[in-house]
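In the structure tokens that follow, a single protein chain appears in two forms: structure 1, then structure 2.
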Structure 1
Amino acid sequence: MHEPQSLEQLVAEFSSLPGIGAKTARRLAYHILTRSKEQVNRFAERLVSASEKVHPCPRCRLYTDEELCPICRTRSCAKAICVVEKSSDVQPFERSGIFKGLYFVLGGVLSPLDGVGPEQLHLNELVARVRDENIEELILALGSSPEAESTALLIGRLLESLPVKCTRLARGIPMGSDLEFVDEVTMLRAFESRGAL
């Protein structure tokens, strides 16, 4: 092949990103060559910096680069926790501004075929928080897949003995879509019509 190895290696890196095919990866790698060394260095530094500094908040597991995430720090008196699958699912809530409570990132939903059982989901931490912080409402925002449904049912069972009301987002959320990309209006509707588990 006539192409330099360092270029091929960069193409391979871009190809390994989710949703980036071979042609897009090649286009991105060639684009990088047209940039100044300063720009490329900054990109590289930001990759490393994000990877080194960002970690799950020890309380809610949201991504943060501080000791405690800003939400846990500023809303410590809140009595509601919204449970999401992954850190980026918090965005539509915070963008719409309808929820002023706390969050908890499960890190996934039950999926026996992928080897995700209850012990992978930080459920003990969630139950401990609900108990220790006297949480009054737990809002399950886990999407509409069968896996999410069974995860929600399991959480409901685990919390049966505690004085917490479990709700979940209304069915206004379109089936099969990724929670991360729900628009604000749909999120407002789904949030307002949340019902008992």
Structure 2
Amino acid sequence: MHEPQSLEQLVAEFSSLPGIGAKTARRLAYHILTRSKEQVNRFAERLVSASEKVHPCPRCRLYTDEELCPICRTRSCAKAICVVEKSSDVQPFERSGIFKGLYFVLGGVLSPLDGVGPEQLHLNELVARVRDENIEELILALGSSPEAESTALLIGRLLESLPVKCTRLARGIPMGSDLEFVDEVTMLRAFESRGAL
């Protein structure tokens, strides 16, 4: 059956999102077509608004629509930074309430096959922040993939000359999983039993 070109283009846009396969993309596109014009316009306006207003916090790189994210504004005296791969990885920590320090979003992990080397990550900003803010502990919460392991080792080497304690989450997180999908109990156990590099 031949589909209208604009519908196929909408399906292609949904398919480009992470975790959305062809069937789900088609289902979402058809769902959009059942909505009223006002609902579709509101949805489109919110997409545009988020893309225009949301930006990385200049201090921690967490997404915010303010000058500084709320965590950097309210916890400016904290002396521990939890390093995560992406902004959404902060949510399990904040939901569980187990960490009251600061965060830093690397923007990924080393992955030479995907063209992600040290220069694509925000490593220089992280090192400068640890040095300039006299950070006492750096907690690496990068998951448990081989790429995350390589990234953690590189960060450890970059910080060797600084008086900061580097720890990482314990092995309670399943291999290859994304932190944003880890339940609070697993996150709590992994966080409480973190160890040195």
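Rigid core here is just the name for the largest C-alpha set that superposes within 1.5 Å across the two forms. Since the model is a prediction, treat every value here as computed from it, not as a measurement. Throughout, residue numbering runs from 1 along the sequence of structure 1.
Q: Go through 1 and 2 and tell me the one that is the form predicted together with another copy of the chain.
A: That would be structure 1.
Q: Given a two-rigid-part description of the chain, what is the rotation angle of the smaller part between structure 1 and structure 2, in degrees?
A: Angle of the smaller part against the larger: 10 degrees.
Q: Quote the shift of the Cα of residue 16 between structure 1 and structure 2 to one decimal place in Å, the two forms being superposed on the rigid core.
A: With the rigid core fitted, the alpha carbon of residue 16 is displaced 3.1 Å between structure 1 and structure 2.
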